[in-house]
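The chain that follows stands alone, in the form predicted on its own, written as structure tokens.
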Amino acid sequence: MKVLVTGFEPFGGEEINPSWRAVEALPDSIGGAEVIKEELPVSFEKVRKQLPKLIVKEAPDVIILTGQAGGRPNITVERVAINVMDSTMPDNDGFKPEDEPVFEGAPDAYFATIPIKEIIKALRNAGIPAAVSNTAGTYVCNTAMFTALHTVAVSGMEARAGFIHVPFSHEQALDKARPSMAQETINEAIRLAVEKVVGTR
């Protein structure tokens, strides 16, 4: 089995992105599955072009995308991705879409195909705050999730795919009155999530 796990580069003036740090920290094998780690750009255009190529090239059995949702207090596993790009903040290329589809003619939405409730239960059992999220937003994270699920659908692959948002790390929140989580806890959450998906058929 092969698992593709992605995190994002820093954005919004931040110097780090805890999602990519967590992915970097993953072992190369979890539950007997090979772990492929990739950093994604915070770019609507690049994600839509690069992610499908990466998925087709690696042909993973599982795709777990991760990103940062600063302001959320816990690990959130996304239920659905929608076919919309809409942002009040430019991406790292300076692009700020308004009411644009991720892909013309694609479905309105895709549901995650990873076991979201099982992941949340595993994290909570480990003492890590976690919850279902019913919106991945309309920024690049949602675009990545939609792109992955759409790529799987149109290519006829059987890969399971989903998205996990992580909070600010403590390092990022030193000068912010915002919820945060220790990077080590974020790292463990993503590892446990991969382990749960790998172990769930």
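When you see a residue number, it is the position in the sequence shown, counting from 1. Values in this document were obtained by computation on a predicted structure and should not be read as measured data.
Omitted from view is the form predicted in complex with ligand PCA, to which the following refers.
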item	value
Contact residue in the predicted bound form, chosen from 165, 160, 150, 48 - any heavy atom within 4.5 Å of ligand PCA	165
Heavy atom within 4.5 Å of ligand PCA in the predicted bound form - the one residue of 35, 55, 42, 62 that qualifies	42
Among 139 to 147, 169 to 177, 24 to 32, 152 to 160, the region lying within 4.5 Å of ligand PCA in the predicted bound form by heavy atom distance	139 to 147
Contact set, 15 to 46 vs ligand PCA in the predicted bound form - heavy atom within 4.5 angstroms	17, 19, 42
